[in-house]
Structures are given as C-alpha cells and as structure tokens.
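One chain is shown next in structure tokens, namely the form predicted alone.
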Amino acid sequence: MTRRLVLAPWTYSFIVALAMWIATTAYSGIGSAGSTLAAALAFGAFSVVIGTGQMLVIAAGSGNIDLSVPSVLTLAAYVSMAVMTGHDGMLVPGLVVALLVGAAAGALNFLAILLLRLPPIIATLAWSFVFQSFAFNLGGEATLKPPALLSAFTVWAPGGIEIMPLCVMGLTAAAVFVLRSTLWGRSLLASGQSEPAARLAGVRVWRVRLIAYAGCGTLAALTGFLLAGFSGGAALNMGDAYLLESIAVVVLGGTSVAGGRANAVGIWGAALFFNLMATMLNTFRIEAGIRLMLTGALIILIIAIVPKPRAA
C-alpha cells in the first residue's frame, strides 16, 4: 500500500508564506526578493517574541489566554523609555526595568485568576485597562524617544544580515529546549493535557502556570522595549496590533488552543505569513476592506486544510 506524505501541521503556514513571497517577487521583480524577505523577518520578529509568550499561556491548559499583552507591551515601553531618558548608558537598566514590569504584570494576571477564581479572559482583560491607564498617566499622548543605541540595534544589519531576527531565532531555539528538555516545560505540557493527571504526578500546577503567565508578560515587555527602539519611541497605540496577532500566530503555528501541545518554531511561519500577506496585498494595491476579508479567508482556509492530530 502506498504511504501518503503527510506534512506536520505547523509547516503549512511556512508553505503559504513562501507562496506569497514568490507571488510578490514575481509581480515586483526579482530585485525586490531580498528586501521583501528582510522586511518580513524584521517585522515578524516582534510577532514571534510576543507570540512565544502567548504560546506558554495557551499551552498551560484550556481557557488560558492573556489579553493584556498589548497593554503590558505599552507600559513596559513607556517605563523603560522614561528610565533611559534617551541615554545609551542607561540601556541595560532600561531593559531590566522593562522585563521586571512584564514579569510583575504577568504574575498579577495569574494571581487574579488563582485567588479571585476569575476566568483568564476576564482577569487579563481587566488588568489590561489598569496597565494601559498606568501607561497613559506616565507618558500621556507624548512619544518617549529611545536611546540611539537601541534604535541602531533594532536595524543593525552587518553584511546585509539583520541581527535582531537572528537573536529572536535564538529565543525560539531556547523555547524549544525549555519545552522539550526541562522539567518545567514538560510539566507545562502535562498540565495543559490533563490538570488532574498532572496533580497526581506531583506537578504543582499553580506554580507552573504562574511562571507561564510571568513569562508571557516578560516577553510582551521585551517586545515593547524593542518595538520602541525600532519605531522611534513609546506610543499609546503601539500594542494595538498585537492583541489578536499574538493569538493568531500561536494557533496557526501549531499550538493547541486546548492546551498540552506547543510549537515555538511554527510561530515563525505564522508571523511570516501575516507580514508577507500584508506586503503582497499592498503590492497588488488591494483596498483595505478587501485585504481584511482576504486575511480572514486565508486564515480559515489554512486551519481547514491542516490535518488534525489523531486522538491518543
């Protein structure tokens, strides 16, 4: 009997992203191929960082999600920019403060879930308003400028190779290692698959999920720190685009919304898919309303054609 080749679910977003890159290059000319891919990698890196954090939360079990990531991103950007005040010598303290803000925000999210027994979607949404309010009171409508060194790093490309996407690929490799080879990573996936079974196996589920939410907040804060340098400063609306995208790249990347299964590498495929799709539709001069409709249709199509994992 002939065996049919079945691709892993997370590879489909890579395949579609490749098709979009080829279509855009064919329309614009071969000379645009390198710049199109470089731009997709640069913008996609931010989606990968924040999506990796969201992946940890979603993998922790059914119903777990963090809707506060755009507000955490914005607050961390404002706080870190305020600490650095544009001075290169304050770059490390600014980064440390941003990460601490993110970790604290993630911990507060989980404590509201644990102690008040709120659904994650409600707890994280409520905290998002608080975090956004802090950001507004800290910076108002002003844009806080980043140090020149941070801005230079986000676009640094020695020999034409951009460094920031490479660093984010290193983050992806670290996430893969943590999930596959560490006790906490295996405990996270076990908790997502079956919380009662994980408890019987001696897993402290609350601690595992606390770290997942804190990690999600930390990576959202790192995204805000880098994005502020890339875009020229912290602004109140800088995180808006990442609310749904942080979830979409995780789901399209092969992580189960029911928990217990995570794929860090697949997030790259989904991030490239979103960015190359936007580039392709803009290149073809398709109107905004039609672009949104096509985006939704393509996402539904990919999810529909991806083979579903068999039940154990």
Partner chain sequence: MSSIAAMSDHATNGTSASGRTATDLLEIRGLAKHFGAVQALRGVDFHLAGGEIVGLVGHNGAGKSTLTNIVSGSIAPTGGRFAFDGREPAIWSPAIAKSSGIRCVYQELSLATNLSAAENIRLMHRSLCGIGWRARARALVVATLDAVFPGHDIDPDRRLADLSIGARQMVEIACAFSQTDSAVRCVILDEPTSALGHEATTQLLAYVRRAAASGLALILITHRLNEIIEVCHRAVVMVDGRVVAEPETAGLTRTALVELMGTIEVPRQAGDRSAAGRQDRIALAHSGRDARDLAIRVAAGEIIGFAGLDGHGQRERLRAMFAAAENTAANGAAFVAGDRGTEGVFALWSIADNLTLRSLPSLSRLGLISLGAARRLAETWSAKLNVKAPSVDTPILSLSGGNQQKVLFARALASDARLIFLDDPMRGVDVGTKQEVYRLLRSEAEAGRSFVWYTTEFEELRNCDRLYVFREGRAVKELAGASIDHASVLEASFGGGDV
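Only a predicted model underlies this, so the values are computations on that prediction, with no experimental measurement involved. Numbering follows the first chain given and starts at 1.
Form predicted together with the partner chain: not shown, discussed below.
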{"property": "Contact test in the predicted complex: residue 89 vs the partner chain, heavy atoms, 4.5 Å", "result": "no"}
{"property": "Residue 206, heavy atom within 4.5 angstroms of the partner chain in the predicted complex", "result": "no"}
{"property": "Residue contact check: residue 180 to the partner chain in the predicted complex, 4.5 Å heavy atom", "result": "yes"}
{"property": "Interface membership of residue 189, the partner chain in the predicted complex, 4.5 Å heavy atom rule", "result": "yes"}
{"property": "Partner-facing stretch of 168-176, 104-112, 194-202, 213-221, counted where any non-hydrogen atom is within 4.5 angstroms of the partner chain in the predicted complex", "result": "194-202"}
{"property": "Residue among 259, 254, 70, 269 with a heavy atom within 4.5 Å of the partner chain in the predicted complex", "result": "259"}
